[in-house]
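In structure tokens, one chain follows: the form predicted alone.
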Amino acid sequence: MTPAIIVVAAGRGERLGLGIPKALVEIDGKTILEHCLESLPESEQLIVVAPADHLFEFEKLIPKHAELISGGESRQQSALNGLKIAKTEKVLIHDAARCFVPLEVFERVTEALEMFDAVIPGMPVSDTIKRIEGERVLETVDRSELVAAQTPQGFDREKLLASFDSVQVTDEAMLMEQAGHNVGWVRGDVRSRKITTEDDLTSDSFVGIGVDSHRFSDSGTLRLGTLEIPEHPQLEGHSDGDALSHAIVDALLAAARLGDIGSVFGVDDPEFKGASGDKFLSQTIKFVQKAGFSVINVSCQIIADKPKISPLRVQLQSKLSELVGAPVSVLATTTDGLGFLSDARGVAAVATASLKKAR
């Protein structure tokens, strides 16, 4: 039996400042709630927790099989309201404001619930974290021991119900921790960011396009989008010939108006002889951030007869999204018998990057 899914959507959206509940705010013509519901896996039971005075609007947005109930004064109370009517042994509690979570995160959480009483998805912390007291810095916290919690979070329903008390917490996993239950974590996803303020919805964006192509060599192992693909030889080039990663680098640099991969890294620099796409991407992200930009998303198109991209797409998107720190989509096509790519002599890639300038 699959876990029941409780979507907590009762937030008033006060920090958004738009005067309506956050879940009713639109992105690209659909509400945050609709985006969220479209990203959910199939489940035995779907419960949507909404503001009590907006049930009519929510009822028009949810599927017929979903159960709609009123939330409470706090997120904690809203989650409890949903938990009380859940009928399954295991439950997933998910924030509607994290409306673009990929299916694989739900799958990882559900699978890990076989071993733990509670499971959270989390992302390793990349910033340096300081513990403070007033205006004084007390110490630097070891970030290797930290993850930023996301949702959906999975629970043993009965144990979570027994753990609820009047102490206010920021997520239900904290209740399970305090009760001494076995809480685990799995890797989250950069696409699982929570929409909290208006900056999460709109920003000044800058777009760049990158193109790269390489022909196959007679030896080595193909690396594409930082993935090693053993069935094909390496692409020729001063570095590892990773056309997809190089196209993304050029797109990022172009959007930030920093030049191109040749002018920034040099085409003959011995430091980058045989260097992997990981190295180019990681260094490029540092340059982009230093210039005052953050990445919104990257879209890529691979042009090649081989390798076949569809079996690799999920892995490519996950790895590249992690490296870039933003959603990366990967598509593929062929040249339909035209040009040097038509007889599988090489691989080309086109990437478009969207950045926003820090305010």
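It should be emphasised that the depicted structure is a prediction, and the values quoted were computed from it without experimental measurement. Heads up: residue numbers just count along the shown sequence, starting at 1.
Another form, the form predicted together with ligand CTP, is not on view; read the next lines as being about it.
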Listed range touching ligand CTP, judged in the model of the complex by heavy atoms within 4.5 Å, from 90 to 98, 175 to 183, 228 to 236, 256 to 264 = 90 to 98
query = Looking at R215, K286, R143, K194, which is the one with a non-hydrogen atom within 4.5 Å of ligand CTP in the model of the complex?
reply = K194
message = Although the partner isn't part of this model, could you tell me whether E73 comes within 4.5 Å of ligand CTP in the model of the complex, counting any heavy atom of the residue?
response = yes
ask   = Should G13 be classed as touching ligand CTP in the model of the complex when contacts are defined as heavy atoms within 4.5 Å?
value = yes
request  = Would you check, heavy atoms only and a 4.5 Å threshold, whether A4 touches ligand CTP in the model of the complex?
outcome  = no
Partner proximity in the model of the complex: S78 to ligand CTP, non-hydrogen atom cutoff 4.5 Å = yes
